[in-house]
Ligand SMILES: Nc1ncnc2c1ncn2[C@@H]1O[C@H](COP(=O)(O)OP(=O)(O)OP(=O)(O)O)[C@@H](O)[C@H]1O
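As a starting point, one isolated chain is supplied in structure tokens, in the form predicted alone.
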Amino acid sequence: MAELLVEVESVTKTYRLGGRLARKPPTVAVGGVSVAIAAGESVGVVGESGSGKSTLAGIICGLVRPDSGSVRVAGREVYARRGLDRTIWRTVQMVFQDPYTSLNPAMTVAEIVAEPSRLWHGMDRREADRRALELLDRVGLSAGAAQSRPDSLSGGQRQRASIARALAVSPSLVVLDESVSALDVSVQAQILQLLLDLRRENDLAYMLISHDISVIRLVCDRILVMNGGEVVEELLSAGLTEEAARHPYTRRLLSAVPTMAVDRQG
């Protein structure tokens, strides 16, 4: 069995809107969730808006401190008493839903992708620039796009640049939070095929967050279904059907699944 890369045990996160004195009841975004991800595994988390999936992603990536519970990445406690263990960002990288807001508009795409190599791996500028161009070429961006700023690229191109930037750290796990939801279907299929190819080449583990189970099932080995801040069902992607699902919420998600073709085998 592959070594566990991520171990999440009984994490909770509650948001109090308007502060502790507000009359609105607190919102439990994540309630006692436990998740494990093995090295090289691809796990999907699916659920409607407000189900808690993005909060769970943020907790795993060191961006949202849980109220309670334990998060270990590569055997290290992420939220230790002394504070956040920032070294986890060498192991875990996140690709956000909106690449435009997560890419520095004042930098070229090549500069954006080169920066992690200099910060995390100590490369000099020339070496980092060379690696950035290699990564951008691998994700399907031309030299012209590399010298452009994010606002001149299409949504699909910006998402490819975000993936290249994440790969520049050489992570073991890439977390993608609704990273293809804003793209049209044809571009979605291209990005998903790219993710499958990159996983085979780099032995990457993925955690894909989506409201769309048709996206999740194409890329992931295993699917966690979240509803109301809890994992209500866990399923294998292979042979996934409405009949195989036990929870009515999962069956509802499966009842309107469009088809999208990608090559899982290469």
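Residue numbers run from 1 along the displayed sequence. Under this definition, the rigid core comprises the largest set of C-alpha atoms superposing within 1.5 Å between the forms. Note that this is a predicted model, so its numbers are computed, not measured.
This next part talks about the form predicted together with this ligand, which is not shown.
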{"property": "All of 156, 180 and 181 with a heavy atom within 4.5 Å of this ligand in the predicted complex", "result": "no"}
{"property": "Heavy atom of residue 48 within 4.5 Å of this ligand in the predicted complex", "result": "yes"}
{"property": "Close approach of residue 66 to this ligand in the predicted complex, 4.5 Å, heavy atom", "result": "no"}
{"property": "Contact of residue 219 with this ligand in the predicted complex (heavy atom, 4.5 Å)", "result": "no"}
{"property": "4.5 Å heavy atom contact, residue 211 to this ligand in the predicted complex", "result": "yes"}
{"property": "Which of 35 to 43, 48 to 56, 233 to 241, 195 to 203 sits within 4.5 Å of this ligand in the predicted complex, heavy atom basis", "result": "48 to 56"}
{"property": "Residue among 60, 29, 215, 207 with a heavy atom within 4.5 Å of this ligand in the predicted complex", "result": "29"}
{"property": "Residue (of 97, 108, 91, 188) lying close to this ligand in the predicted complex, criterion heavy atoms within 4.5 Å", "result": "97"}
{"property": "Residue 181 C-alpha moves between this form and the one not shown by 2 Å or more, core aligned", "result": "yes"}
